[in-house]
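Only one chain comes next, encoded as structure tokens, the form predicted alone.
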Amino acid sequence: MMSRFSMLCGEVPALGWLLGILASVTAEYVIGEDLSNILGMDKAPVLFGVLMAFKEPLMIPNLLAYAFIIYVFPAVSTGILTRVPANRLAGRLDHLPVIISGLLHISFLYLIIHFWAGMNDYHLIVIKITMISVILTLSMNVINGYMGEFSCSHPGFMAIGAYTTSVMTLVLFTKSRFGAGPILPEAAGPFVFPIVLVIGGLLTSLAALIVAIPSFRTRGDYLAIISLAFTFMIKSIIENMEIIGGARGLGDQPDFSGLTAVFAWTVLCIWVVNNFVTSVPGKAMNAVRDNESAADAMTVNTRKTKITAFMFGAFWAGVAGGLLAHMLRYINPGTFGLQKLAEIFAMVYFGGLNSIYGSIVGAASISLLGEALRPLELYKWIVIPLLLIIVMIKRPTGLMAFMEFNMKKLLRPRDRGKEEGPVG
């Protein structure tokens, strides 16, 4: 029975699962409040009811029933029931270029996310934090995973991107301490903000040379110490620069990190990083990771490869920092300390090294788990490391390590295509 169920689930294409997710979101929107009242809850639970489970353990059976009725049953049943027409439609989309088919699926996914995020502000915040975490995890995976260097510099990269973009938008669009008044109307923000993020990312890339150049002669623990010193150096510089708020922080950034902007940058990051790690420079990174001396003997320019990897990863960390600053609309040096480094490490190593899938799964899992465990306050940093330890014991390389990202296989299961043959 279970094997038959697993086989049916395996036949569901990406389009079928998207329909299933839409069914779950619709169920939550239509009957979520009424079902929660029937189950004895004052309001519909958020984050699958984990928050409420910590506050009221006796409600756990009711929360499980709610999760099954609202999330599990609609998603799975819709996916299985629509698998045949979904596969037929996927077969027709196979005739289109992969990028067109991918964009159609991504557009559908965005509509679902927009619908879910529009239910309440908390949903919106959680989904934006999760997508920014995906960008961060991918950028660190380039250096720590594909490149094989143990770098602790990502909070510093984030800080440079966050403060650079914040200063630029405050000067351009607000009456701030940096100027007499706004230079551009706020209506121009959505068009100028991408340029600001790129500039912030490029400046972060240049700063990454401080870590990249020492990596020519050091590896492992020594490079980790150098990169950690870089993070503390950036944090200390910011704390002593009163013009940008010093230790008090910097606030009042324009709200340019809307759902559409964050989603677009996340999709772009996944696409660019995947193309980069599967390109010739990406293969060179793998060679340096496996054996630097052998790679050098095989004419791989190891210095250029390391600089490229550090600058590329730093660029996306700077972009993530800029998006986070304009979502929170306030940043301070403490935002980019050891706790942020621990979060990024947890996401990278939980999901798995050398894997786009692993970065996405790790970022989503740890971000949602961190929000779910928020009632535990500091104790959540006992639960999350324990979970990470368990995963490392069972799967030392992470949940989805060394899995190649293949858009064509992702959009349509291979077995179903073989069974049905060509679609007319």
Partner chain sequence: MVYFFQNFLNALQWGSFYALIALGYSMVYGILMLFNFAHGDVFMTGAYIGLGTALFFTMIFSSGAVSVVPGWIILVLTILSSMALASILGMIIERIGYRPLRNAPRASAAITGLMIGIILETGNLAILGAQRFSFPSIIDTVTWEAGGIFFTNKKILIVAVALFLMAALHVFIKKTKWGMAMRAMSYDPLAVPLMGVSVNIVAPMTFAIGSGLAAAAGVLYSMAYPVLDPMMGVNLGWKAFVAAILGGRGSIMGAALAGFILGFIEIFVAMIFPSTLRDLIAYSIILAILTFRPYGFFGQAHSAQLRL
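Numbering follows the first chain given and starts at 1. Everything quoted here is computed from the prediction, not taken from an experiment.
One more form of this protein exists, namely the form predicted together with the partner chain; it is left out here, but the text below deals with it.
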Quiz prompt | Which of 100-108, 195-203, 257-265, 212-220 lines the interface with the partner chain in the model of the complex (heavy atom within 4.5 Å) | solution = 212-220
Practice problem: Check whether F150 has any heavy atom within 4.5 Å of a heavy atom of the partner chain in the model of the complex, and answer yes or no. | Solution: yes
Quiz item: Does at least one non-hydrogen atom of L399 fall within 4.5 angstroms of the partner chain in the model of the complex?
Solution: no
Quiz item: Just to confirm, Y29 within 4.5 Å of the partner chain in the model of the complex by heavy atoms?
Solution: no
Quiz item: Do Y349 and the partner chain come within 4.5 Å of each other in the model of the complex, heavy atoms counted?
Solution: yes
Quiz item: Of the options A188, L89, V171, A229, which one has a non-hydrogen atom that comes within 4.5 Å of the partner chain in the model of the complex?
Solution: A229
Self-check item: Sole residue of L184, I237, I112, L96 within 4.5 Å of the partner chain in the model of the complex, by heavy atom
Solution: I237
